[in-house]
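Okay, here we've got a single chain as structure tokens, the form predicted on its own, with questions on binding and movement later.
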């Protein structure tokens, strides 16, 4: 069994790492380079950086922080937010990103997934899905930082994304984002049962047991969190020790 990955998520706005709840109530945390290096030196397996307002503001992602971060890290990292073209992929990968995450642009232009996968390999293409439970009990995909609901159901969009060449899915529950009540296991199970590429759980981590639940009951390949790591509520070394004791394979 492959080691399960522990992945801090760094939301970047105006060159600073920030964190909020349910995609709002944003507060400042630290610089992406400083925080990224800290995680690289303290047991994180990967990092994810999202320029959280680039898509909504219809501007390009900031390449400056990407190149600065790449100089400091010893672990893989992916970058997303505002990625709309093959040219964006090229710039981010050349500036040091290992993977590129697409969300809103993929909904608007699904063929971007295929183009990127054909050009750079599926291992470089991460499809980020922001899903929200609607009144009918269906998980709908949202774009533009969770601000706009689409017609896609999460399970159908995940299948389509993999079919087009996405090598990994980051599945984020908007309902649980920053709430610390645990990952949405039902949502995760639906997706991991439907596709054959790695799925990363996002949205809801509040204690070490939540990470275990997502891996054990939803069979995710990695678990992503932000505030519990940023504010020192959970140390990655302690989380890995806990998972190891529970017979979950992790890199120690």
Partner chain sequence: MNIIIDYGVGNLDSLKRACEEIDFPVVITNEIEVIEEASSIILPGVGAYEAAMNELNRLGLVDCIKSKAKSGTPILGICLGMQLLYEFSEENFGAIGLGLIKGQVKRIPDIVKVPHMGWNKLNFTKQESLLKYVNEGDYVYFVHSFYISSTNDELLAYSDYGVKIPAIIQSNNIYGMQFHPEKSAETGLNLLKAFKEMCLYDSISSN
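Remember, it's a predicted structure, so these values are computed and weren't measured experimentally. Positions refer to the first chain, counted from 1.
What follows is about the form predicted together with its partner chain, which we do not show.
Within 4.5 Å of its partner chain in the predicted complex, a heavy atom is found for not a single one of 48, 109 and 160. Remark: residue 132 does not count among the residues lining its partner chain in the predicted complex, judged by a heavy atom distance of 4.5 Å or less. Interface membership of residue 168, defined by any non-hydrogen atom within 4.5 Å of its partner chain in the predicted complex, is confirmed. Taking non-hydrogen atoms only, residue 71 approaches its partner chain to within 4.5 angstroms in the predicted complex. Taking the partner from elsewhere, residue 182 is found to have every heavy atom lying beyond 4.5 Å of its partner chain in the predicted complex. Listed stretches are 139 to 147, 173 to 181, 101 to 109, 72 to 80; the contact stretch with its partner chain in the predicted complex is 72 to 80, by a heavy atom cutoff of 4.5 Å. Contact annotation for 4 to 18: a single residue, 5, has a non-hydrogen atom within 4.5 angstroms of its partner chain in the predicted complex.
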